[in-house]
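The form predicted on its own is given below as one chain in structure tokens.
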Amino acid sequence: MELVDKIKDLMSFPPVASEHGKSMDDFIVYVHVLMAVLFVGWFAYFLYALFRFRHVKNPKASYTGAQTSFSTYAEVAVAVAEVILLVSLAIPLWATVVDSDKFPTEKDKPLVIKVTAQQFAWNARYPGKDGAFGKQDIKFVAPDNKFGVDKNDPNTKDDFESAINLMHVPSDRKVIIHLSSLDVIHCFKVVPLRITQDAIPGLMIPMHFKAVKEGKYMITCAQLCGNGHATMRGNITVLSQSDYDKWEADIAAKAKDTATSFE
């Protein structure tokens, strides 16, 4: 809606770079409009009450007060508006973004990435051309193996990691991120993509999105995670599919050469 877009401009919303981002922004606008109506309405009623029941007109206090149904009707109207927001917007939007039943399936050919947070950086691992990750186990976790990868698993051979704090994803393709942490609770947040998810030690938590606008966007940690929390920043670059394929081939080749040199 044009009016909603104008309100977003007035509120200085950050740019949207994901498919579901507009729906989230629209919902935020609707909530703010409801809050504005409530603020104006109840403040006007407050001023009316001050004037209507001022001391000059009511020298003796009345313990029964004004007998009116206005406030009851107003409260019912507010409750109805909130139910409409919840049922028609909030719950469906939550289901689209969070519900596991709404996650991309194999037919969508999503890019799957495993991201592990640590104090104070982001590590990303990609499955390579076969699209399958090597097995992981906590017993394999070490300073040089942050993902706990079983290096004897054949599927591990073409897996590769991007540079620390740097991620790349293709535009107009669904992406699933499996998020975990090495130490404390972190929170993976990319404002333009409208995604936020806690990274919890011992858990692998999925999240998904589809970027629709190419560019470089900042990854921040939205959980206070230690003295270096403010420095825990990274970048996620959204590329065209062809440019992403070139990047993937280049970084995978470099990773293979590095692995070969240590054999």
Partner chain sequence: MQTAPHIDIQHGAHEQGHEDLGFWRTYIFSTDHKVIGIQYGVMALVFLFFGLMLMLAMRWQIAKPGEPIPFFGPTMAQIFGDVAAKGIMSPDLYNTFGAMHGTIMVFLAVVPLGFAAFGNYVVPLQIGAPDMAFPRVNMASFWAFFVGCVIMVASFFIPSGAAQFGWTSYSPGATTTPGDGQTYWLIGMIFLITSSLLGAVNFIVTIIQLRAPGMTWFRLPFFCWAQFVTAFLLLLAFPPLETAGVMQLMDKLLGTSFFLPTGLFVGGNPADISGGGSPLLWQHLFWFLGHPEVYVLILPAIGMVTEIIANSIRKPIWGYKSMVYALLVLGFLSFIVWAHHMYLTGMGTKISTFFQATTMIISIPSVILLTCLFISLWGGAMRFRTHTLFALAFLPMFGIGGLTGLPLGFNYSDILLHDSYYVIAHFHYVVAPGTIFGLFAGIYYWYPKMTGRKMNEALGRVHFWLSLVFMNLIFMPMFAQGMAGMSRRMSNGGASYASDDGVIGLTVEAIKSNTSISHAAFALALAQIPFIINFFWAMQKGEKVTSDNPWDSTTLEWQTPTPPPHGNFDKPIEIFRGPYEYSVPGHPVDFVPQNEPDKKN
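Numbering follows the first chain given and starts at 1. Bear in mind that the values here come from a model prediction, so they are computed numbers and not experimental data.
The same protein also has a form predicted in complex with its partner chain, omitted here; what follows describes it.
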Original post:
Though only this chain appears here, would Ile251 touch its partner chain in the predicted bound form if you measure heavy atom gaps against 4.5 Å?
Top reply: no
**OP:** Give a yes or no for Asn152: in the predicted bound form, does one of its heavy atoms lie within 4.5 Å of a heavy atom belonging to its partner chain?
**Re:** no
Original post:
How about Asp172: is it within 4.5 Å of its partner chain in the predicted bound form, going by heavy atoms?
Top reply: no
Original post:
For Ala124, is any heavy atom within 4.5 Å of its partner chain in the predicted bound form, or not?
Top reply: no
**OP:** Could you list which residues of 80-110 come within 4.5 Å of its partner chain in the predicted bound form, counting heavy atoms only?
**Re:** Glu82, Leu85, Leu86, Ala90, Ile91, Leu93, Trp94, Ala95, Val97, Val98, Asp99
